[in-house]
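Next comes just one chain, in structure tokens: the form predicted on its own.
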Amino acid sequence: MTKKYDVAIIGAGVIGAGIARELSRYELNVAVLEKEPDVGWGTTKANSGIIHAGYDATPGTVKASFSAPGNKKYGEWAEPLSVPFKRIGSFVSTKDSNRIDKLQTLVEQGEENGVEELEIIQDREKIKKLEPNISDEVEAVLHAPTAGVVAPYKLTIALYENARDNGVDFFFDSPVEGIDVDKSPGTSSRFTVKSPHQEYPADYVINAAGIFSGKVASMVGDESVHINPARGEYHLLDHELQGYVTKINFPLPSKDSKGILVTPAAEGSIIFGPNHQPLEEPSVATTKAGLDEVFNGALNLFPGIDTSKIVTNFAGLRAKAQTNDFVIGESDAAAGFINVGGIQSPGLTAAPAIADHVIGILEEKGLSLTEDPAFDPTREPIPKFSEMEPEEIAKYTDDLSAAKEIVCRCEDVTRAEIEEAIDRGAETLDGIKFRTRSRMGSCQGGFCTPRLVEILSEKRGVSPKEVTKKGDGSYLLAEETKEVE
């Protein structure tokens, strides 16, 4: 018999997983459908990980209404879920003293949006004390101490694990192909969400499908959601440079972009990017011209940074709505169908506030919310054995050899961590990477990948030829490897 759901969520990025986690507080049947093999593989996984203070969004926009509130709630997500999150503060810098009025405009916007502690600094000595390696040509900065950084993929994985442990059903490799709407009075389920494998009856549907949210909305006859994808390219530097950049650093923003930022990542690396490239069709292919733009933009703020430490580059997508604002609310085409689309930057920042708001919409539209007394808000991370004493290791495993076997030497990741990542749901090399940081170091998987393939093959009970990088036919091996005696 097909299980009926109170709420079906389409999309398991940070928005979908965040809404699912907050709904798991209540006695509800909740399903999440994700077209990829894992959570957070769309816009979520390839962004700068910035938790913005909230001064950039134009007052009165939907973005502005969620930015500062989302920022303030981040500790409520990060701490119980054991996710790396640091309030390191941000700079918006100018080399032109005649443009300080632009910084003042951002201050005024921020204060109207509810951002606290904003300060314009024109004292070069003080600027250098806060950010020692920034260009000597910087004349003034807007300092926002409440800004921070988070690991977006680890946050989404944590939200997923906590929601799953609290009873939410996740269905991966489940693209939505259609949605039937039953508008007849007294119907037991208003929607039937269809994937290739199964149908999911639900009273309410949350459309959190990222760049595909317009397509999903059209399945219920809603043609109001228009998404124009935009690409942003990045350079990632080795964590050997940890400490060289201490704050999130922006130039003065333009109409389309906050500019090429230079920031520490939550886990120690340094990121340059993104640029802004409108697209006709989604693509995460990097371009020489785009990466050069990012490179030169970063050097504008940090001319002395050692660019030989760039270990990789990548691109992510923004789900940019035609209105250039978030699209959040019940669809006029189908009662109980909630659009959460156009969630580009500062969507990561806004995610906790968006989740609360969507649950408020559901309650207002008739969903009964009864708190689940068994709800557990906490989630333990995968133990990092390289940071433990032997006695601590013994608490987690009796098989100390697994904790002593280093698989990824760049990031000091042990076999025990790899195995736990697989036990928690990683079925691909990228799934392991985002949970453990294996293949994220200097060699970018050059040495550890064969061993990871072997471990994943053993744990899943499949041939090494069936192991993929990210699902969807991304196989690594054409033939079985030979045994070495």
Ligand SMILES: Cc1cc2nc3c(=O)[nH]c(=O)nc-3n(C[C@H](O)[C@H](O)[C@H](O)COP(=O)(O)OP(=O)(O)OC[C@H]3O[C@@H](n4cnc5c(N)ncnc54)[C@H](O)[C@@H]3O)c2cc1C
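Just so it is clear, the model here is predicted, and its values are computed rather than measured. Start at 1 with the first residue shown and count on from there.
From this point on, the text means the form predicted in complex with the named molecule, which you will not see here.
Give me the residue from S65, T436, T428, N47 that has a heavy atom within 4.5 Å of the named molecule in the model of the complex.
Contact with the named molecule in the model of the complex is made by N47 alone.
Using a 4.5 Å cut on heavy atoms, which of L301, A208, L237, I157 is close to the named molecule in the model of the complex?
The option sitting close enough to the partner is A208.
With the named molecule left out here, work out from 57 to 65, 452 to 460, 27 to 35, 438 to 446 which stretch has heavy atoms within 4.5 Å of it in the model of the complex.
Checking each option against the 4.5 Å cut-off leaves 27 to 35.
Classify G110 as contacting or not contacting the named molecule in the model of the complex by the rule of any non-hydrogen atom within 4.5 angstroms, answering yes or no.
Taking the distances in the model of the complex, the answer for G110 is no, it never comes within 4.5 Å of the named molecule.
Report whether the minimum heavy atom distance between L348 and the named molecule in the model of the complex is within 4.5 Å.
It does: once the named molecule is placed as it appears in the model of the complex, L348 has a heavy atom within 4.5 Å of it.
Should F385 be classed as touching the named molecule in the model of the complex when contacts are defined as heavy atoms within 4.5 Å?
No - in the model of the complex, heavy atoms of F385 and the named molecule never come within 4.5 Å of each other.
Under a 4.5 Å heavy atom criterion, is P352 part of the interface with the named molecule in the model of the complex?
Close contact is absent here: in the model of the complex, P352 is far from the named molecule, nothing within 4.5 Å, heavy atoms only.
Across 2 to 22, which residues bring a heavy atom to within 4.5 Å of the named molecule in the model of the complex?
Stretch hits, in order: I10, G11, A12, G13, V14, I15, G16.
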